[in-house]
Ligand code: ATP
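What follows is a single chain, given as structure tokens, in the form predicted on its own.
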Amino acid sequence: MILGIESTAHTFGVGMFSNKVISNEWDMYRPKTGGIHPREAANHHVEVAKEVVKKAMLKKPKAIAYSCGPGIGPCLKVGTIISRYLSNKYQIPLVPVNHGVAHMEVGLWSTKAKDPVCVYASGGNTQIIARDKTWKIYGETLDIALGNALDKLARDLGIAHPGGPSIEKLAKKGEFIDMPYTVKGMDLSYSGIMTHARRLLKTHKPEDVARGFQEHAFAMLVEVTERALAHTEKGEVLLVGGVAKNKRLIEMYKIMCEERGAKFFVVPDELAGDNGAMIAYNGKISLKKGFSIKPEDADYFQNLRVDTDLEKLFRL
């Protein structure tokens, strides 16, 4: 029975995992204007932490797992301090978890995918990843992440954060318009299409801009995924992260995988966004391998990569 704490960005989540998800509670910071304000988000996490932990901790855990990165510094700090406190209070092991790896591992567990090319698409991350002895990044965004780009476009339209779901609804009403398409080998870039979309808002209907932006941005991601499939010679694609809830993106991946003869999997909605259950599950994996740390050694890393060896990092 592992308790997982997630605090990398706008969501403070706590979940418990044994041989299944026992609990998965969360509270999301919603800024009044603009995107995520780091200090405000961290203050939100401090304010809601006690109640969220109380709801999620249905039994005394055998260990505490926490997301040690990547993420927003002040938010990560809150989760680290709370996890350290709980580990000391109950005198149980503390397990640092790579947030990105947790998304993929819970996707593997929940879908039964065996050896996929993973598409990790969220507010702060857009990467094409596969396992080759260890997790390896084959392609990624060179600038802003897909989820962040959708949120930025939403803000330009006066839509509150998070804006991705609203852009998805708006795009269904629009007509397709042409936009820049930037793929560089296995990598992609969203800054150019983002700038172009903002300019088009002055002369085009919002729903048309939303439709054009979404179609191009998703097509770029599907293209580099298909290239990774060919390169790795794998036969599965697994979509994880908050953007995995987007039905149009799922539809495009289904079409591509069907044409290639590959199997397509997508993480369930309740485990797609940032959540504590995925941290607890990944903590259980690490604990089985014998990896845990002392509470006083707890730390966080804003720019942590999914291909980083956490055991080695904490030994340094």
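Keep in mind that this is a model prediction, so the values were computed, not measured. The first residue of the shown sequence is 1; numbering continues from there.
Below, we turn to the form predicted together with the named molecule, even though it does not appear here.
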Check: Looking in the model of the complex, any heavy atom of G79 within 4.5 Å of the named molecule?
Finding: no
Notebook entry, point to check: Is there a heavy atom of A56 lying 4.5 Å or less from a heavy atom of the named molecule in the model of the complex?
Noted result: no
Note to self: Even though the partner isn't displayed, in the model of the complex is R227 close enough to the named molecule, meaning a heavy atom within 4.5 Å?
What the structure shows: no
Notebook entry, point to check: Are any of the heavy atoms in S87 no more than 4.5 Å from a heavy atom of the named molecule in the model of the complex?
Noted result: no
Check: T8, H99 and G164: each with a heavy atom within 4.5 Å of the named molecule in the model of the complex?
Finding: yes
Item checked: Answer option from A272, I64, A41, A277, heavy atom within 4.5 Å of the named molecule in the model of the complex -> A272
Margin query: Using a 4.5 Å heavy atom cut-off, which residue among E140, E168, E105, D208 comes into contact with the named molecule in the model of the complex?
Written below: E168
Notebook entry, point to check: in the model of the complex, which of 279 to 287, 260 to 268, 42 to 50, 244 to 252 comes within 4.5 Å of the named molecule (heavy atoms)?
Noted result: 244 to 252
Check: Does any residue in 125 to 148 get within 4.5 Å of the named molecule in the model of the complex, counting heavy atoms only, and if so which ones?
Finding: N125, G147, N148
